[in-house]
Structures are given as structure tokens and as C-alpha cells.
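You are given C-alpha cells for the same protein chain in two forms, set apart as structure 1 and structure 2.
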Structure 1
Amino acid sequence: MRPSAGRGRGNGEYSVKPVKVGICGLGTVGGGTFNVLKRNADEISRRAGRGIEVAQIAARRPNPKVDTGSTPITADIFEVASNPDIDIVIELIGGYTLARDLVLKAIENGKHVITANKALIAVHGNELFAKAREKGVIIAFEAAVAGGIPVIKAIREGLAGNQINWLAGIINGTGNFILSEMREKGRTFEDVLQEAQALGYAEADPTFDVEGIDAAHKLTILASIAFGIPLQFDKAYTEGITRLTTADVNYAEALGYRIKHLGVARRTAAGIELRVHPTLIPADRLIANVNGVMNAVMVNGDAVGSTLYYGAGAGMEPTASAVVADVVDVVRALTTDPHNRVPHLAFQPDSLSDHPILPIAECESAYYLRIQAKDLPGVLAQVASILSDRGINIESIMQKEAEEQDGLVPMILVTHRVQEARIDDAITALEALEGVSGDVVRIRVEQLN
């Protein structure tokens, strides 16, 4: 005979009482989560070993894409966090303050928490994880990074035998859509941004997406899991894509590169690089060919080499897929000793490293430089001398015809890897040359090999 506790019977019912879940927020992700839990209830229960029931929903307004049936609904999120019948609170309201208060309330009441809120984890995660350990509960957050791509689980568990050397990711779909359209159709940033807003990819205020803040939240989380360091969002370098021009996109293409808005985290002897910025990537790299709103993360480990994780980084059901996977993980772990569960940030909390986050001036990269030179003799020689004096080697150079409207000659250089402080110094000297007009455009280059 097959044991009955926690195992499926022929009719799909389970002999132990179901785990009761409360969903806070019934927007895009909350609605998708409810739908997936309802539609795939039997399959999910077979995986989890127990039935899973949505016992309560907190929502300010109904979602027309979700039939909640007889599930109780309240407008008060804290009612869900205090409901004695609920085992797991799913936080999908977003933002920093109210979400933090909700999660702390749920933890205080001994409830496990699942969240898709990258800003909450990146900014308040250290505090929340400490509280969760005190209470012996779990905070799961797979959906906070790269939507439906299970990259957190891959790094935390699948690559646990590796020392992670670096990771690099396209982790904001809005920015990737904009850059893809600029490259493929020659459109301007402003033009594509308007379409992204019309399609719902970008908010009315797109700052978090186009200035790299959203990606920096996600990169902070990935770096912490990869390198065993505390979450340190305030030390992440962020640079947006608002100043990129179609000309730079085309010049990069001519040089054999694609421009992507990349999050890069790298372990070095001096510290951890943690940076988000436009980046030239060789066009033959798989990640350089990730287009539209899709996401991808490359992770390099000392044993496995480079691995690539690709998929939908946002959306109703892709993100719900990650939320529900966390529900299953929590249900499986309900009966385990809290001290023997998978650590929130992959490493045991008392063994996190104090390896510092490097300021951007101490990071190393290769660089694409675009210089608007006056059509005068000797300018190229002066440029080469300034770079050489600072130990900066040129890998390739491209000089275009003088532009008709202003007579300036675009000069495009790609350097070898060098510390950013040297490039800063060189750019200051270049912009002071009589033969150089305006600002020097600088975009970092990563080979990712």
C-alpha cells in the first residue's frame, strides 16, 4: 500500500490539510498567480505533496482577467498578513514602504512570504531576511529577477559547487526593446520610448527602466547570491540609455558589436564590480542576439564555465510561473528544520563576505570612444598620444567622412581593458584639445568570453 500522508489519491485529493495562501495584489502578476494556481492545481499539488488553496486575496479593485469565484477578497493587505488560517503571504503590491510593512507583519505572525518585488529585496532584504531567520520562516523571491527565468535558483542551487567569477545580464525588457528597435529600424530613443509606453512595456514615468535603476535592483540581488555578500544596492553604479544615439548603435554594428543595457557583476581581488550601463558586446555572442523584451543572464563559474539563462523577463504568467514555483518550494520545506533550509542568499548568513563593492573608477573594462574631431591636421596623433601617455592601448579605430552640417569628423576608437580612472583622465584631456568639439562619448565594452 502507498502511504497516504502527503501523497496523491486516485481522485487528486490529498490526505493532509492544504496549505493556505493569501495573495496581496491582484494586478498583472497577482492575477497571473491566481490563474496558474487554479488552472494547474492538481499538477502543482502533485509536485508539492500537498494541496494549495488561495484562502484570501487583498486587492484595491477587481481584475477583469481573473475569475476569483468565491475566494474572499479584502481591501486591507494587513488583514491577510494577520489571518490565522493563512500559511503563506504572497506580496505583489510593489514599492518599498507599504510592501516592507506588509512583509514584516507577515513574518511577525509566523507566515512564510513570497515576493516578486526586486526593489523591496534589494533595499530592505538584509533586514527582512534577518527577521525571517528569527521567526524560522522563509522569504522566497525567484520572481524578483528576470520574470519567469529561474536564474536565482540556478545560481543558488544548481551552481552551488562553483566559485562564480562573473555574471552579466539583460535584465530589463523595456530597455532591451528600445535598443533592439534602434538597431533594427534606425529609430531614435525618444520615438521608441513612446511606443514602449503605448504598448505597456514602459510606465508613464520610465525612469526606473531607462536609467538602469530597475536593472540595478536585480543585479544587486544576483551579485549577493553569486558572491555571498550582503545586499548593497546603494553601491551599485547605474547609467541609463537616454543619451544613446542611432549613430553609436550603427558604429558599434560596423565594428562587430551590439549595444545592450547590461548589468555586470564581477569578482576581483580588490573587490566586487557592480555596475549597470550601456555595453558593447561582440555580435556573435548569444546574449548579444537577445532582442525585444526578452531577458538573458550569463553566469560564469570556475567549474561549469559560462552558462546562459534566457526567457521572458516580465508578463502576467511568466512571472506567475516563478511565484508559483516559490510556493511549491515553500510547501516542500514546511516540515524541514529552519536551520537546514536553503539560505536566502545562497550562503549561510554567518558566513557572508565583506568583500567591498568597487567604485566605478576602480573597475576595469575596454571602452568605445566617439570623438567629434575638427577637420585639422594632427588631431589623430594628439588623441593617440593622450591615450598612450596613460597606458591605454587602442584595439581598433574607425574614422568617418566629415559630417556635412558641421564639418566635424567622427573618430571611433575601441581600447583594450583598462581601469576606468585612466579613461576618465584621458577623456578630460581629449575634451580640452582644440581639435576636439563637444563631449567625448564613452561606452564600456565587454567580451564575455
Structure 2
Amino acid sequence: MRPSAGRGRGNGEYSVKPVKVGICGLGTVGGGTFNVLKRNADEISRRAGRGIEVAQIAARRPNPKVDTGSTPITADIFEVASNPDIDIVIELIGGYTLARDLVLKAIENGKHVITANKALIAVHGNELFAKAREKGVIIAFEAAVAGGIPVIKAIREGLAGNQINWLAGIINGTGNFILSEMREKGRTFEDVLQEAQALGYAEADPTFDVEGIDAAHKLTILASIAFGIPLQFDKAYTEGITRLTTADVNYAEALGYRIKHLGVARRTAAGIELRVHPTLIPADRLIANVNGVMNAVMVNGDAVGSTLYYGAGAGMEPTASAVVADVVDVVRALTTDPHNRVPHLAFQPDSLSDHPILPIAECESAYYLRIQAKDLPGVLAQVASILSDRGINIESIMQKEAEEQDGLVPMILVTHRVQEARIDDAITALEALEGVSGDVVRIRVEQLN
């Protein structure tokens, strides 16, 4: 079904030599990045216009979730930063000190840099960006905020016409998981934290997550790109969720609110508000309904109004998604034709696919069917047999005898997923039944998980 990762392209449209990347750190995000670059190599090169090759990995130990094959591995991250073959250094080791040295070295050597390190950018970003400009290289950091959600790109490019008024985000999945569990199950903070640690959502030392430091790093970055101010992590107000009680969670609920750990940045005449703290939000707001480890960021601009960006804020492949998007951005920036940097239809024009559009009869969906039955018990057996003969399984059924009108009783069915042609055929048979009146109403059902 999917072309194999390394499939050669016979027509030579990517005969240009591949861009070579070095991955420093083969933990969760590093491993995910390697796997995504490998698995989606074909799809990615069709978008980027060039192949992308992992030329070297720096890792102190192997990652059991990653098959690095014949890719050269070193224990020394600085070897990657000095490798003359490498165009792009991907920093995924985390922390401030060694990561800063690595990035400075890579810049010094004329490499483009991609990082997922929010602490590094929030604390040392101003210095690193200045060095990168001096050397004419890119530093990209989409993965540093909200994992796979392209929210930095949205603010920095997609909302570039706006004066941003404010932004507010659920930007720490661990904290949101804890608050969601406290609300939904009435559990205490300590109880949920222990589970989060067991599940691997929270670190053994959860301080960065539950005290809001991680969120403050990310908020610092978002505020800078929203308002055009330097990174100022030291000025962010940070309050954690450790003192929240289930009593307050419940009172908030009774008043029509949910409590979320938000990063809020707001422009005012006097200055910029930059604050991370537990926050009551009206329960009907979309962002109030972002639960579990998911992240979401609301951005309000003077022209666009309120917008929201939602997705997985952490994890092996969601974060890798953002890292690889940055790789594609850098490769596209290296194109010789700046006016076709991003292909109109996302993929290079000579590599569009001829995968056919299916006629609706060949599409698959679940279905809601409403049948007007004359004699419910008798008709039900006939309906069930028509569906079962065609391999259509019923997920739920609702009969509203109380709603009988003119001797007709509505019978409502929801089916499992099935090809539309079968439903068409079943509907024809259902409408031919003596006990069914008029047309069968059919509406498609999608779970959208």
C-alpha cells in the first residue's frame, strides 16, 4: 500500500544530491525523527524537492524503538557539528549547557540548526539567533512549542497581517492530564501525579511540568513571536498546579468553568502580560474541552479574531513531525528558485500522484438510517436480515414507539463502517418492504478519532 521508504525514483527528478542531516540525541524525539524521516522518505522528498539523508547520529546508547541500520553512529555530539558532509544539525539532547555549546559549534561551522529545545531557545535564543544571522544559517524550532502543532509557523507566518492582542495556551500535556483526571474522576493532585509518572507522562522529578517552568519556556517563545519582543524568560510569572484542590475544581464546575493550566500573554498599553497559572475558563470554550495530554493554543489577532490550534503536544512522533517539518522548511529555503520555495500543491509538480479519486459508491463510512416502520416488531426482523445479508453490522438501534404518528414508528439505526454501495443496495431493499413507509433517511457517520 505505501511505497517502501527507500524506493528509488526511476525518472531521476531527484538526481540532485540529498541534503544530509545529523541527529544529536536518539531518545524519544531523536528516535521518532529518525523513524519518520525513514518511513516517509518518499513523501518527504516529493514535498521538499530533494532527498534527505541521515548522515550521522550522535547517541550514547541505542534506542530499542529505532533500527538505525547502517547509519554511522558516534558518541560525540560535536563530531556531528564538525562533520563536513552534514548540512543540517538537529539538536535533540535537551538541557541548556551542552545543547548551547553544540548549537554554537554547528552555527560556527556554517550548519543550519533545528532544535526541539524550548529551554535552550527561551533562555539562550537571543544569543543564538544573533550568531545564526552573522553566519547566514537558519535556526528552526517549531518542535519547541506544543509538539506537533505548527503554532510557531501559524503565528510567525500565517497571522503576519495581524496585531496580536493575546494568546493563551495549554502547553504542558502532563499538567493538563492531571487537571483532566482531577475533574473527570474527582481524584487528588498527588494521586494523579503518581499515575502520570507510572505512565511516563511525567518525569521522576515533575517540577518543570507541575510548577509551570516548562510552560513558561514555551510561553516566552510564543510571546516573542506574537509581539515582536526579545525573549525574556526571567520576567515570566510562573505559578504551578500543585496547590489545586478537587474542591476548587468542583466549585469552578458548578459556576460553569473549567480549570486549566494556561500560559497567557497579552498586549496592553502599559506593557506585555506574561504569566503561567491555573485559570478558570468558561466551560463552553473549545479550549476548555481540550483534555488529557493534548495541547491547544488560542491566538487572538485584530484582523482574524480568535483562532485555535490543537494537537499532541509531546511524544515520539508528534514532536518528530515538527522537527521534520523544519527540515523540509530548511531544504525548501535552499532551493535555487525562491519563488517556488513551497510548491503550490505542497508536493513538487513533477511528483504529484495519480492515486484515483473514488466514486462515492466505493467510499467507506458508518451510516445513520431512519426508517418509518408500520409494524415495528415484524419490520425489525426484516430490516436486520436485509442488513446482515449484505454484511452490514449494526452498532446501535433506537426505536421511538412513543413517537408513533399515523401508525408509523421511527426506527433509527447506526451501522458499523461499510462500503457505500452496500448501503445503497440495502436501502433499496428496505424501501421495498411492505412494512416501511416512504424513503429511508441516510446520513453518514464519522468518528474522527
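By rigid core we mean the largest C-alpha set that fits within 1.5 Å across both forms. Remember, it's a predicted structure, so these values are computed and weren't measured experimentally. Residue numbering: structure 1 sequence, from 1.
Asker: Choose the one of the two that is the form predicted together with another copy of the chain.
Answerer: Answer to the question: structure 2 is the form predicted together with another copy of the chain, whereas structure 1 comes from elsewhere.
Asker: Consider the two rigid parts into which the chain divides between structure 1 and structure 2; say whether residue 282 and residue 372 are in the same one.
Answerer: Two-body split between structure 1 and structure 2; residue 282 and residue 372 on opposite sides.
Asker: Relative to the larger rigid part, how many degrees does the smaller part rotate between structure 1 and structure 2?
Answerer: From C-alpha superpositions, the smaller part turns by 180 degrees.
Asker: Can you give me the Cα shift for residue 424 between structure 1 and structure 2? Core-superposed, in angstrom, one decimal please.
Answerer: Its C-alpha moves by 66.7 Å once the cores are overlaid.
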